[in-house]
Every structure is written in structure tokens, then in C-alpha cells.
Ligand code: ADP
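One chain comes next, on its own, written out as C-alpha cells in the form predicted alone.
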């Protein structure tokens, strides 16, 4: 018997040519292969005689091959193979395109089973279009003629006459290949369940060997659903176990208790040019109470674009610095770091504490009540180590071995999902090493502008305390959003001209779909920038911003835009997070139908930050009628939480959270919208840890949890 942890190349049929392709799908071991779960099924379980078939249905027939012909369609550069299949009621044609290898074995007289969709040709005759097929014993045809019910022998078939699993594929590895290998492999593997029996019984779940058989080769929909339920619970149960262990570990650490100086903080809040919302006050109080504890805070501050997370984090920073501890603010981009640096210096302009910025190209340091000064990196690091810098703002440049704090009390991470686990933990580990006599780690405040549905928060951030700002500052105008079809563009361009002539500014965005599309995205933005400048807006000044530019170049363009030296900024997705241009009142998003509602909402949040009415125009491509209804959600609401709930329903959690947060199979991801499953999984995880806190009595479960660490980014 094969073991789950054995390398995949021990499996029959997996030669060297497949190893790299499998690795691209994350498959390195036998267990990885078995856990490459289907994302849907082609239901070929309905058998019919040839004279019973109807156009458009998906069915299976059995018969003999009576005629085979292969030809070349030179104009279309493809090979076409046609065969006629005959049973005791009639015959039907089957056609395959560019499938030479398996069709080499197609011979007249052979008994065959076909599964697929019935199409109609130019002569209005029914035929199978590119069906799955398998050869069967002649005896199966003889038996069929004697019996009234046709059925497939489950042990023999993996491609026809069944609910055929459809897998995520890659070049050279198609679903029929996975089916063939999977069918042979399943009986050869020793599969031990790591979920304790009492949990399986209490949750009415099938065991792992049965679940794997049912998920890959279900005899009916009921078996598939039972397997899905098992795998959904399994993954969420493991995630809950992990988050509970992390939380327990976190609570056992020590952090510097930060006393609340009420008079000092009240004076600062009173000096602000605006009044805090009730939601901001509530979240600030939750953070202040956390900082007072001798255990490290681990809180996620979640708030829609424009709800004012920055001032809440500023008050937390002030509390820490007032008690002579240092604070660090980590951002994913240099543009955002520079913005935070300037914004926080304004907040603290009457106070005598030192703020510094450290990025690849920006190194400045000065007290908030004095002009900012450029200094060398070496000098900044010296000041930091001596405790002469109270707040350090920066990008990944902060996460370096030579960046040493004297007494770091608080780490704030903006857009926390942009940083890996190790990066997020680095500053705390470093502090622990440098202050061994104290054995204290800093408090941690993460922030995100992506409103996350409650169910996802429960599942993905179970080890974090949540603070949610769900209220906008008074007087903020709602952004008017419109879906614009191609024929409506001219009118919008005219509206832009009028707005720019009145002194307003405009964003035109070409968002990034995947990392692999960066080059084509830059090219598209560059070409569009040139087209718009020459053909549409020759009288205005246009700028171009994209991810391939050097940080200094990006900062210069953003500064020019902010200082109104540019009227229109054509940009890729580098403006998605945090950029603040109050005078920009129009946002155009090209190809809006390709993106989720939550991401579009993030882009939209770059406007509507000033006193003027703002607009967001979602430009769609041709022939996207089906997606227009989805985009209209953004026309109806500016509430990020309602939008994220709609996104979750429309696209599912896998796409909502993004591929970077994956490692969870689709089947488990789907259930993240099921609060009941999440709650039950959490209860069972708590029960397990009460019984066996270190999982010493459950080594199989502990091993599975360690495997999960490599897959999922935990906070």
C-alpha cells in the first residue's frame, strides 16, 4: 500500500514529463494528488438507446463502431475524426477535434461507450460533439440487449456513464488523465482519518477513505454532497484549530502595558479639525483598553474606504509614544508610506515627537512640529536604535535585520493581507530577541479597507479581535456610480472635459487581473495614455502611473497629480490602496466586468474624499449583458459591507479572498458562507483543545495541522 506522504512519482502512469506540470498545480505527494478535488461534475449517468436521444441533452450510449474516418481541415488547421456507433435501435455519428492519441485505437467492430452532449449539424442531424469514450467488453453489449435497464459497472469506468469529475487542469494534464490515474490510485493508498471518530459521529460526517471515493467517483449527487460536506468541515475545522492555537499562544506572551492618559488624548482629539464618529470612538476605546493589558493586542481594524481608520491608529500611536515607547507603521507601497508620513505629520503638527519614513527611496526624519529633513539611512538607524525616533513609517524596508528599535511598543500594519506571516511576525520576533531580559513583544494592530463579511471574518480571522468602523464622517457626499456601455463613452468624455475645466481631476484605471498580466497591463495603460492624450483630451495634461516604474518616479507623478500639475492620471492598479487626492472627483474603471465588486469598490474609494460631488464610471466591454446586472449593485450602494456580501454570493469566497490567500480547496471555500458549519467547526476545535491542548494524543491531527501551515497564510 502507498502512503499519503510518498512522492507522486511512485504512482503508476506518472512519468517524469508530468512532474513539473503536477508541481505547478501544487501536487508533490500521493496525498496532494488525492486532495486535488474536482470542482464540478459532468453527469453522464443517464443511459439511452440511440433511437431515444434528444438534441441538447447530455447522455451515454453503448454500441459498436461501424465506420471511422479522419480528415484534415487545412483552413482551420485541425484534425477531425468521425465515427458511427450502432446499437440495436439505430446509429449516430460522433466527432472529435485534434485528439489523435486515444483515437488511434478506434477500430470498426469494437464495442464502445460514449458520453457527451448531443448537438445538431448543418443537415439538422443529431451527433455527439467531442464525447468522452471508453472501450467495453462485447459481453456488455450482449447483456444490455437482454436487460431492460442499462447501467455501467462502476469498477470499470472512469470517463463515461458516470458522474465524471472535472478537475482544475494545466497544459498536458486534462480531466480524463486525472480520472484514469485517480481510479487506479485510490485502492492502492493507505488512508487514515485524522478527524476523531466522535467528531465524525456528532457532525454526521463520512470517514476520509469513503469521502475520497465519493468526491472523485460519486454514484449519485447525494454521495457527492456527503463528500463535499466532509471536506468543507475538515478544512474549516483545521483553520479553527490553528487560529485557536495561535490565539492561545499569543495570550501567553507578554507586552508592555500602556496606561491611558485620558487628559492628553482628549486634548489631541479636541484639536482635530473634525469630530470623531461614534464608530471611531468605539474602536479607539477598544484599542486603548487592549493596550493597557500586559498581553499583546492582536486586533484587526476593519473599515470601509473613507471611514477614518488612520485617525484611530494615530490615537493608538499617540498613547504608546506618550508612554515613551516606539511605534512602527508598515505599508505595502511607497506611495502609501509617503502619504501616511505626510498625513500623520499634519495630525501631530503641534506635538514634539519624532516621525521618520524609511523606504527604498525615501529616508526622512524630523519632529512633527518642525520641517521634514532628509537624512542618511545609517543616521536614521542610529537614531532608531537609540530611541530618538518615536514613529517609523515604511514599507518592507523596515523588515531588515539592521533595523533595530530600542523599545518598540506598537506595530500597525496597513492592508495586512499584503504581507506574509513571516514578514508580519518579523518585527515582534526581533524585539523579543533584542529585549530578552524583558521578554515582551509589541502590540499589533492590523488594518484593512476591504470590508469582510462576518462569516469570512469568523473563519479566516478567528484568532484576531475585530474592531469595525461602519459609519462615515458626517457630510460626506455619496459617490454617484454608473455602468457605462461602449456607446456611452463619448458622453462621459464630454462630462470629464467640463469637470476638468472647472478645476477637478480624473483617475482612469486599468486594473491588474493577475500577476502574470503585468506586462500586458502596462502596455495597455501606456497605449491608452497616448490615445487619450492625442485623440480625446489634447487640451489637458495627462500623467501615466504603472507598477514597472521606480518608486521615486511614482512618487513624483503622484505629487504632480496632488499639486494639480496633471489633470488626468491614467494608472494601473497601483492606486487601489490608500491614495488620497481630495480634488480628484471622477474615477473611470476600464473593463469593469472582469473584476469583483469588492475590488471595484476599492478603486472607487480613491475619489469622494473632498468637498465636491464625485463620480465613478464603470466602463464595460462589448457583449457583457450578463455582468451588467452584477455591476448595478455598485450603482445602488456605497456600503462596502453590503457590497462584499453581494460579492460573496455572486463569486464565492475563493474569488472574493483572492488566489493569494488560497490553499483551501474550492469545496471548503464554498462553505465559508455557511455560518452554521463555521460555528460547529469552532466548537469542535475548542472541545479538542480542552481535551488535548497540545494534540499529543492526536498525532495524525497534529501532523495535518502542520501541513496546513504551509498552505494557508494565518494572521
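Positions refer to the first chain, counted from 1. As the structure is a prediction and not an experimental result, all values here were calculated from the model.
The discussion below concerns the form predicted together with ligand ADP, not included here.
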| query | finding |
| --- | --- |
| Residue (of 364, 299, 609, 214) lying close to ligand ADP in the predicted complex, criterion heavy atoms within 4.5 Å | 609 |
| Partner-contacting position among 580, 470, 382, 590 - heavy atom within 4.5 Å of ligand ADP in the predicted complex | 580 |
| Proximity of residue 554 to ligand ADP in the predicted complex, heavy atoms at 4.5 Å | no |
| Exercise: residue 450 in contact with ligand ADP in the predicted complex, heavy atom 4.5 Å | no |
| 4.5 Å heavy atom contact, residue 476 to ligand ADP in the predicted complex | yes |
| Proximity of residue 274 to ligand ADP in the predicted complex, heavy atoms at 4.5 Å | yes |
| Stretch from 303 to 311, 256 to 264, 355 to 363, 530 to 538 whose residues place a heavy atom within 4.5 Å of ligand ADP in the predicted complex | 303 to 311 |
| Residues within stretch 343 to 357 having a non-hydrogen atom within 4.5 Å of ligand ADP in the predicted complex | 347 |
